[in-house]
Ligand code: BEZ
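Only one chain comes next, encoded as structure tokens, the form predicted alone.
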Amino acid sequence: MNFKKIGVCLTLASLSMSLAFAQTAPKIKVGLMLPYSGTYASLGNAIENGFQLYVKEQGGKIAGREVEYVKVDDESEPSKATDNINKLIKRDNVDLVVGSVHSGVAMAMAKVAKDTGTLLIVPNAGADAITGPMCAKNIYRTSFTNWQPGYAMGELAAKRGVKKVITVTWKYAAGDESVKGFKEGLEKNGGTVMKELSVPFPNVEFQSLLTEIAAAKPDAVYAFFAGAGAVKFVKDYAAAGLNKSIPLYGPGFLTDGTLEAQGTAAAGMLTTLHYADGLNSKRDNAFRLAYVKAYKMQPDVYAVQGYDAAQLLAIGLNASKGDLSKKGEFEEAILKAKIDSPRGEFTISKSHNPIQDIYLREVVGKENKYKSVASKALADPARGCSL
């Protein structure tokens, strides 16, 4: 018996089977549940652009499987979220879901994902509970918790000598948690929050709040708004003349993707976030060039988060050889990985949230210019997570 010949035949047969699998592997079906209309529409589009850019850079495949997209407009409406994600899972038979922007929507999505075991990658919504009490083996986030940029700004403001602050936000999970993080960072370093003001989401009538701020004369104001609401608040704040005497601080969402519309009203504003213009790293420069070439517009933090959602998926899928049912191998690879992001290298915590640098940025023209690292490798406390 010629064992050498048999060995060669077996090797060729194995190679042939591998090639056949690669050619016949089913497409991976990605459900994109994002806002494509309303206040957050531009954010949803940027996330999708970033995700698709990474996939295109891999030749349209992840772990040898072509990627197919099924899109749902979540309308930033929490009451529709459960039905929308169930349609993607049960009607469209997606392999995983990517979404969303609005924290209330993402909370409903996380509950369904946890109950069904469906892989969920959150590319924006910062609701603390998603990687806190609701944390699960099949839920990952590539953005931030609301606590992270808020805490970093609170810490920074206090160190800059700010003692008394008024906070203002939409009254919903993201706003409440951002203010809570800011307050924790501020108070740990000797500052105090005088008053917490809010309006219902997506209300943009701010005049009465601005009058109250002017009368109270705090050292600074911390505001959480995004999208069209952020544009309106920053412009109204400047129109009231408050920006000349009371500095306006916030997480980066206040000025990311909104500077074109805010114009000179945002000039000189300081914000904290895990991404900034002018990082000038080789990785970020290549990403920005590719994004502009693909979409004829500059990328923002939302595009980066979408890009890294696809990158995280690729890390897990490559380790599990394209098989999403191998959740242990998928998770192990991600927890070991140093993700080479345009924002800078970051890792994923045990609760599946990024451990990342938070930057101080200043609005210069139409850019959120990098000034310094406000908080190095900041990890969310993941209170309530039992993973």
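For every residue, the number given is its place in the sequence shown, counted from 1. Predicted model only: the values in this text are computed from it and were never measured.
Beyond what is shown, the protein has a form predicted in complex with this ligand; the following relates to that form.
Taken together, L43, A125 and Y302 are fully in contact with this ligand in the model of the complex: each brings a heavy atom within 4.5 Å. The single contact residue among Y172, F206, Y291, Y249, judged by any heavy atom lying within 4.5 Å of this ligand in the model of the complex, is Y172. For the candidate set A223, A226, M109, M153, a heavy atom within 4.5 Å of this ligand in the model of the complex is found for exactly one residue, namely A226.
Partner contacts here mean any heavy atom within 4.5 Å of this ligand in the model of the complex, and among 186-194, 311-319, 144-152, 280-288 they occur only in 144-152. Using a 4.5 Å cutoff between non-hydrogen atoms, N84 does not count as a contact of this ligand in the model of the complex. In the model of the complex, at least one heavy atom of S103 sits within 4.5 Å of a heavy atom of this ligand. Within 4.5 Å of some heavy atom of this ligand in the model of the complex lies at least one heavy atom of F253.
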